[in-house]
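Shown next as structure tokens: one chain only, the form predicted on its own.
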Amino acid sequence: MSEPNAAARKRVFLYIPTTFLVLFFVLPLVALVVLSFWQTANYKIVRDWTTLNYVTLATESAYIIFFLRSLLMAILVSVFLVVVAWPIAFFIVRFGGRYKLIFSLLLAVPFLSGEVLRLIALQGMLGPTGLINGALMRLGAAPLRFIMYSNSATFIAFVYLYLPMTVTTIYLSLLNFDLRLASAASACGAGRLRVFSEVIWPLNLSGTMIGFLLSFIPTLSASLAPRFLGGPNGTLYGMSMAQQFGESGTWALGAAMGVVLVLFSIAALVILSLGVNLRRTGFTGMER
């Protein structure tokens, strides 16, 4: 194949994903930013350039509380998921043997049903007459009312929804990790804690950060879980944003809330990427 044809082929393969990103990511995001500087009145868009929507988000205590509550929830959920997902993923890689593929496929089973259906199933488990409370009452114990229509129920829902994704991300990172490095460190006298903290953890930190972000960002912007399980005091930022595009009809304010989420997600990505030493994780920047 001649060089001009090879260069043209490379440009075509570059243009296809670039066009896709521009059409389905950049342009909708630009439209969202433009809408955030307009106004909405009586369910109609008023093309009047203003920063009032951002002033409202920065000064109204309700939106500040919703955002801080969502931020705290996202951090707690993501940290908990990473802590729980690590031993699960490590067990599959270390002891899964020829059943690794089966275990990894089982992680995808929850994704065979929609998020709404999974949340409804969770309602059936955590509800006042659900499986858990039903079993407790049969044993003569009092039902656990705090686990339904509360922030605790929302937390459980987020863990239930995003644990398979976090485990899969860390599993894929560990799958490419050479376990002989850990064995060599143990042979040199390093204890299990030191092997994990100085060998296994640093070399898989990029996969861990990706798993953290894949749970942090959806939790920060989630609207269905708090709507189904959160209760009257469990409104999160994403749920409030969804209301702007729904019953409230204040689309411009909702667009401003979406822009804030995007900017904060980008900032979180940048901050976390600064803590990853790519060379220590095995990345050299050179093609093989």
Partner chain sequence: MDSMSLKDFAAKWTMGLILITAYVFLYMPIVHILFASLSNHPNFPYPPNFNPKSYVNLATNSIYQSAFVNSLIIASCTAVLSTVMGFLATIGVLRFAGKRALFYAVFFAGPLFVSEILLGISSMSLYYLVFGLQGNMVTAIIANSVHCFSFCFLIMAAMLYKYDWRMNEAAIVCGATPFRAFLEVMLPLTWSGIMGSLIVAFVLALNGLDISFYLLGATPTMPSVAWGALRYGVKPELYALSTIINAAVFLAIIVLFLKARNTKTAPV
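Positions refer to the first chain, counted from 1. Everything numeric here is computed off the predicted structure, so don't read it as measured data.
From this point on, the text means the form predicted together with the partner chain, which you will not see here.
K.L.:
Does the partner chain get within 4.5 angstroms of any non-hydrogen atom of residue 54 in the predicted complex?
P.N.:
Residue-level check for residue 54: no, no contact with the partner chain.
K.L.:
According to a 4.5 angstroms non-hydrogen atom cut-off, is residue 232 in contact with the partner chain in the predicted complex?
P.N.:
Because no heavy atom of residue 232 falls inside 4.5 Å of the partner chain in the predicted complex, the answer is no.
K.L.:
Do residue 251 and the partner chain come within 4.5 Å of each other in the predicted complex, heavy atoms counted?
P.N.:
Yes, residue 251 is a contact residue.
K.L.:
Using the partner position in the predicted complex, report whether residue 201 sits within 4.5 Å of the partner chain, counting heavy atoms only.
P.N.:
Residue-level check for residue 201: no, no contact with the partner chain.
K.L.:
Select from the listed residues 79, 125, 72, 179 the one whose heavy atoms reach within 4.5 Å of the partner chain in the predicted complex.
P.N.:
After the contact test, the surviving option is 125.
K.L.:
Any residue of 157-172 with a heavy atom within 4.5 Å of the partner chain in the predicted complex counts; write them all down in order.
P.N.:
Read in sequence order, the residues that approach the partner chain (within 4.5 Å, in the predicted complex) are 159, 160, 163, 164, 165.
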